[in-house]
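In the form predicted alone, a lone chain appears below as structure tokens.
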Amino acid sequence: MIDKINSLQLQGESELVAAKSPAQVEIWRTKYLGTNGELKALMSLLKDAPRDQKPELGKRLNELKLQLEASFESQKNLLGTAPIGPSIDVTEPGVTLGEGRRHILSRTIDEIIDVFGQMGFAVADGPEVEDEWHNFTALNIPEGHPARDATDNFYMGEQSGVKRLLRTQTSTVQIRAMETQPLPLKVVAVGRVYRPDTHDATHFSMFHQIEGLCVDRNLSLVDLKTALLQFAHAYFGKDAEVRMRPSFFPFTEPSAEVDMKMHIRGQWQWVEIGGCGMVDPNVFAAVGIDPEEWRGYAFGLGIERIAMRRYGISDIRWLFENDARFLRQF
């Protein structure tokens, strides 16, 4: 055991003197003084030494440890500290880091919700995978209606005898809100909807809508247009205008297309952004609301259409391609 201690001392001192760089000195430290180094391995043999020799051997090992540590510190100070990583010229200009930001659609949704929130609308939510009753029947779209055709919907098969599909409109949340919340009611619902459209500059198979619903006594089209006008002024500016053109939707009567005048590329233009109307009495009846006592208005606006018109985006597909060059513009 003494011979091994003396041999380790001679070998260690010899290799340390031969180390000519801070990096080599660090390698020596790991080899001899590290957790799994030569000195640690030699100390582990102490337990097998004869009992009467252990005090002397333990003392000699401690002396060897102190000698090797002192020699290491001396050589390290002589050669200096090893550089950590590549040398850096602190006088060079720094690299500018790009700022992170939310997707333009996410920011548009938050802005719209904030405007309607200030108008007293609460936020409602509903599932994207719907049943036919919520997506069609309760919205006054009867069986056999062309809107139910398999070529116009993403059907997902049956579960417990109930046909499921990806919702085609956020109007389904109107039904769920009227089923579960007390009246009067004033909510908006934002979410993804799905239709098997061919992708082009203005169509995509998945897009976003914001649905508004207000149910109270003595509501009229005046209240509906006022709500839309207030939103337009708050979101697009005090010069924004709203117009309603007669149309038809199964779940509202009367119904109208909603156009808003937006400032696009230096001029004001009329842009169609969705539909609206007074809630059809059949929709109230489907959820157990008395249409003689309650009245309601509803509107559905396309989020992508609003974002595209407001920011001058000419192709809806750009919103979903995640091209950082495009997204950094907003």
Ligand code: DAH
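Keep in mind that what you see is a predicted model, and the values were worked out from it rather than measured. Residue indices: 1-based, along the sequence shown.
Below, we turn to the form predicted together with the ligand, even though it does not appear here.
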4.5 Å heavy atom contact, Cys276 and the ligand in the model of the complex: yes
Partner contact for Phe299 in the model of the complex: the ligand, 4.5 angstroms, heavy atom: yes
The ligand contact in the model of the complex: Gln169, any heavy atom under 4.5 Å: yes
Interface membership of Phe251, the ligand in the model of the complex, 4.5 Å heavy atom rule: yes
Partner-facing stretch of 243-251, 91-99, 114-122, 145-153, counted where any non-hydrogen atom is within 4.5 angstroms of the ligand in the model of the complex: 243-251
The ligand: the contacting residue among His103, Arg195, His199, Arg164 in the model of the complex [heavy atom, 4.5 Å]: Arg195
